[in-house]
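What follows is one chain in structure tokens, specifically the form predicted alone.
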Amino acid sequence: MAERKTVPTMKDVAREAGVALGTVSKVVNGLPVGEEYRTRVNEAIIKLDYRINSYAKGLKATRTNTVAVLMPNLINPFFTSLVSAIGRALAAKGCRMLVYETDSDPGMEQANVILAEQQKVDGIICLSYNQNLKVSDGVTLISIDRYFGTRIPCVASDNYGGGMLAAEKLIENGCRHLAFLRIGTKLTNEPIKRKDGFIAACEAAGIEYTLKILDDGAPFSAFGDFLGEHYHDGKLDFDGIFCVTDSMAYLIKKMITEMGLRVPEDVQIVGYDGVQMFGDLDYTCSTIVQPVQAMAETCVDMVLNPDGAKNPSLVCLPVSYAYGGTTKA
């Protein structure tokens, strides 16, 4: 029978390095210590294959250096890029990430919050569809896009400014009859401001516009019916369309080309999110780019802030426009 290997302890590291136990503790916890001692301790850690039990260490310090991230899904490229950016930002702070997919289901969101709390996470970052989401006292919650009130900080892109920018770019490119397309929600959230910004830009420029907003759960084919109703003599009644997501812009472009129209020659389209092919190649459409990395870093800074009471209730980060082939260059 093979001899069971003894797991090395901090005392073993101190003995191997020839230093005091307190010196090893300082090195492990990143506290100041002489460079010679630090080198000896690190060499001993490698030689003994000593592993720091970060969970036990966190329990002792009332922190586990773990943050839960709740996302509707990891299929949507925007959500995926956001989770990836949050993970990088947490790693830079020496923290780990637990990811939960909620399928946009309020009940599953609440269940995952409970699971995360049982894992003793230091905080939760979520993009929620549950307007009654409950989190235990002492657990910091940072919301993305959904505004729950002054008690829970919300991080978002400048959705109002993004809606304005989308309309302004279409107008700048010669469009004179615009349409706004989105699937609606009853939640109080920041993305609904995209419509307000779009309308403000159109009215400021004296441009005609049409709104088509579907209720949650309505079939996407209703947009096809809408386009058909506005199709006359081989043309649409509008020459520019703002879709509130890039995924919607992709599907609308497909519908328009199936009608025999050309994008962007006959109809120009602007989406929202800044989704790129394979994460870092060309944009999938001309789009309003959300500052994903800045949003992620802001969420991480706020969720790890030891004085969470000083976190602002709403942070709106600036957006930008990127050409992606569905508008005239």
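The shown structure was predicted, so the numbers you read here are calculated from the model rather than taken from an experiment. All residue numbers are counted from 1 along the displayed sequence.
Absent from the display: the form predicted together with another copy of the chain. The rest refers to it.
- Of the listed positions (Arg146, Lys195, Lys212, Arg96), a single one reaches within 4.5 angstroms of another copy of the chain by any non-hydrogen atom in the model of the complex, namely Arg96.
- Residue in contact with another copy of the chain in the model of the complex (any heavy atom within 4.5 Å), chosen from Asp280, Asp49, Glu265, Glu36: Asp280.
- Of the candidate stretches 96-104, 225-233, 137-145, 173-181, only 96-104 has residues whose heavy atoms lie within 4.5 Å of another copy of the chain in the model of the complex.
- At the 4.5 Å threshold, heavy atoms of Thr298 stay clear of another copy of the chain in the model of the complex, well away from it.
- At least one heavy atom of Arg63 is located within 4.5 Å of another copy of the chain in the model of the complex.
- Taking non-hydrogen atoms only, Leu127 never approaches another copy of the chain to within 4.5 angstroms in the model of the complex.
- When contacts are judged by a 4.5 Å heavy atom cut-off, Gln293 does not count as touching another copy of the chain in the model of the complex.
- Shown without its partner, the chain has Arg63, Thr64, Asn65, Thr66, Pro72, Asn73, Leu74, Ile75, Asn76, Pro77, Thr80, Val83, Ser84, Arg88 in segment 63-93 as residues with a non-hydrogen atom within 4.5 angstroms of another copy of the chain in the model of the complex.
- Wider separation of the C-alpha atoms of Arg88 and Asn42, by 3 angstroms or more, is seen in the model of the complex than in the present form.
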